[in-house]
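Only one chain is shown below, in structure tokens, and it's the form predicted on its own.
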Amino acid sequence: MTPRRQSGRAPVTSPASATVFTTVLTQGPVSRVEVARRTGLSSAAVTKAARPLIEAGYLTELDSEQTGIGRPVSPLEVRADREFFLGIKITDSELIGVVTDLRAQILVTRFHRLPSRKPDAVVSGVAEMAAELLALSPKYTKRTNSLGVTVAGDVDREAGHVRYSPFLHWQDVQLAEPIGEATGLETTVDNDVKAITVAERWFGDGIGAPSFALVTLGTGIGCGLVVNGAVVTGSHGVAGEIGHIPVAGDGPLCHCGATGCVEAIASTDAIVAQARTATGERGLTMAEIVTRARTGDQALQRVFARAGVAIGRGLAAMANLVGPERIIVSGEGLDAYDLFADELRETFATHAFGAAAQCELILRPLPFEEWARGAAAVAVQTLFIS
């Protein structure tokens, strides 16, 4: 399929216009004077940058309001329905897809089973889901240009290339180009946790925090970092891999080849494996393990306690190195938080050095569709990144 023309897209043609647009997008409605104050741009520069965005329908002026002595102001606001974005998260067994508006608010969600992990089958599945989402409304078909796709693992976003994805069993898979050809959409591929971090930075608990971290607990343990207002990727795209911080020298072997990693002790799969070993029951499920631990099974309680210590050490190491203002802890693994909360917090407090221990811990569930919302937030970024 031929990529669709990018006509009518936001006229973000300079650093100033990108700054004004992102400020109104994430903090609006906000007056030009306030945009100038927050960004350091002159009032004239703000007005010049805002004008083409208003003319193109991406920004709108609200009714004038009197804020005190002086002239009334007309706050700027984003027209959230001016453009729509698709986000698709690839797991080892399904695709989670959403349509969002400019503010990454989810409008539609779809779940598709993934019959095969082979790259060609995944590309076909993503294309089918994208076509289904677009067909839900004529306005989606007309005003959607960008698709964000996320996977767990080591992703080279610039090249659209998945270097390694443990749960898909992929090595060196080119993904963005074939998906773009199949869908006709401008396609960006990114690591799933880094994508959610983008969503948090612009639209969630990261708003107003120059530095924060997002840690996800579940099948894997991931971390996205924002430092000085920017998502940190590192020179090789793997910054923030808290799951592979070694926290136990004699710990179990990790799928990465090292031993004693946080993920090898505290991921869902690791907890299940340790629980089965502790009980000798090879068929135990995570749900059964959680239930039995909550009803007093001490062997299983020790498994969760060990996981809490490992996570606490990983969080403390990251806080000591980066010094974030807050750490947001989320993911499906948080459902069992009551079983390792004390160990996590006590270990963090013990190992965080000095003022790093004052870092705020925010605990919040992560519905599965939020992974796809993160992918859509990456697509929103294409308005600002050439």
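The first residue of the shown sequence is 1; numbering continues from there. Bear in mind the structure is a predicted one, so any value in this text is a computation, not a measurement.
If you look for the form predicted together with another copy of the chain, you will not find it shown, but the lines that follow are about it.
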**Listed range touching another copy of the chain, judged in the model of the complex by heavy atoms within 4.5 Å, from 55 to 63, 328 to 336, 25 to 33, 315 to 323** = 315 to 323
**Message:** Whether A16 contacts another copy of the chain in the model of the complex should be assessed with a 4.5 Å heavy atom distance threshold; does it?
**Reply:** yes
**Message:** Test of understanding: in the model of the complex, would G240 fall inside 4.5 Å of another copy of the chain by heavy atoms?
**Reply:** yes
**Asked** Does another copy of the chain get within 4.5 angstroms of any non-hydrogen atom of N228 in the model of the complex?
**Response** yes
**Asked** Given that the partner is absent here, does V247 sit within 4.5 Å of another copy of the chain in the model of the complex, heavy atoms only?
**Response** yes
**Request:** Identify which of S211, T277, T141, T109 has a heavy atom within 4.5 Å of another copy of the chain in the model of the complex; exactly one of them does.
**Result:** S211
**Asked** Within 4.5 Å of another copy of the chain in the model of the complex, heavy atoms considered, which of H236, R113, H169, R282?
**Response** H236
**Asked** Any chance all of V78, V272 and L366 sit within 4.5 Å of another copy of the chain in the model of the complex, going by non-hydrogen atoms?
**Response** no
**Prompt:** Can you tell me which residues in 161 to 195 come within 4.5 angstroms of another copy of the chain in the model of the complex, by heavy atoms?
**Reply:** R163, Y164
